[in-house]
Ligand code: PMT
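Next up: just one chain, as structure tokens, the form predicted alone.
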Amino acid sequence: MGHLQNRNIIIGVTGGIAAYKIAETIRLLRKSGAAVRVIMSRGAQAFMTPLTLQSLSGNPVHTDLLDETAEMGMGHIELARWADAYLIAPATADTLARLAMGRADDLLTTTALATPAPLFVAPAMNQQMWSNTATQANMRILEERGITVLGPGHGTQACGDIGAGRLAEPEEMSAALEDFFPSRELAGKRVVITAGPTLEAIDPVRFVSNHSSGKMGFALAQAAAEAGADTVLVAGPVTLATPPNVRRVDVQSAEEMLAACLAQLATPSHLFIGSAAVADYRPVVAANQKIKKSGESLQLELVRNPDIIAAVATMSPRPVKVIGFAAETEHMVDHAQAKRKAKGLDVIVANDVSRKDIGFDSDSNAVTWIDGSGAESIPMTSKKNLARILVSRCAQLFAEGEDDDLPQTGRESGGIGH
């Protein structure tokens, strides 16, 4: 289920050539589980027919403020109360001006005044009209009132001009509405997530580490919190901001990360996601002072770090579900599946870090979800969107009727079974 599952969305369509994009926007919103009702201005009907948008939305299209048929059914006040969000797209310069003035001379603007739902506007107009001081003044008024502005984009326009004023793409508008609503799929669940690299000291100024940015783990923590989970993020040394409603525990080394995880898991938890890129080895001894440069080589003895995800999976009792990540450069599925079985994980999420477009520091990723039933690829998307997909899949593990009871308390904190 998406963040829009069972949400009621009104789309107010005004008279602009960009109205054609609303057809795809409606499709995306309904695919995410939203119910959609459409209001069309008189100008909008010159570009799209009500029948088209009625067919796509599955609901009658509303066009007139004083429509006797509409007032007998879902009148404008009832329509305004029905909405969880109201998106006006495309929002022409005239529409923005009327909204800024508080006009209520048609169904579209009347509903904007009558609804308690959050209002989103997606401007679309000629670049010169957009840059006009009057339009910009109206935009400032709307933003000061808490109205969310989506776009506009920059590019070639229907009139042949090039500049700002293009309607935001359907995917952008749908994503903005999804961002506004939490999914609540993990409400009542406690989740512990690791993220980022670990840093293993050689001396006070040098260390062994890796290229992990922590972006995937932080996105997972944000998605879990949005889904209603009590979320704890155990983070290696990164510079990312803590997501809202997430409790963060900062660590440096693998040993510190293990200790922090065991401390957090002393409180019974439903889900553990180990997305951190933990260094496999650390120096046997970390020098107290900076090692001075001498000779052509430096001998550095390393020792194996603890396997955090395996330790968590063998806790007694352990979290209800344990999910691991595998960064591979070859034979990805085979290697990841072997790791899943060896470490006793419920699921392992594998990605090919040799690909430049989805590497450690990229904002996008493509992964393969591997469980006892096999492997399923999830195509490249933003890490933020991928995190939501993965969190939804994790929630489904509980929704499928599997035992999600927490282990009994009264055990030693962080005890590891054998």
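When you see a residue number, it is the position in the sequence shown, counting from 1. Because the structure is predicted, anything quoted here is derived from the model rather than measured.
Quick note: we don't show the form predicted in complex with the ligand, though the next part is all about it.
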**Q.** Candidate site V36, V61 and I88: all three near the ligand in the predicted bound form by heavy atom within 4.5 Å
**A.** no
Q | Partner-contacting position among L108, I309, A229, L177 - heavy atom within 4.5 Å of the ligand in the predicted bound form | A | I309
Q) Using a 4.5 Å cut on heavy atoms, which of P243, G151, P319, G214 is close to the ligand in the predicted bound form? A) G214
Q. Based on heavy atom distances of at most 4.5 Å to the ligand in the predicted bound form, which listed stretch, 37 to 45, 372 to 380, 345 to 353, 51 to 59, is the contact stretch?
A. 345 to 353
Q) Does K189 reach the ligand in the predicted bound form, with heavy atoms at most 4.5 Å apart? A) no
Q. Hey, in the predicted bound form, is D280 touching the ligand, heavy atoms inside 4.5 Å?
A. yes
Q. Looking at the partner-bound form in the predicted bound form, is E328 within 4.5 Å of the ligand by any heavy atom?
A. yes
Q. Applying a 4.5 Å heavy atom distance criterion, does S275 contact the ligand in the predicted bound form?
A. yes
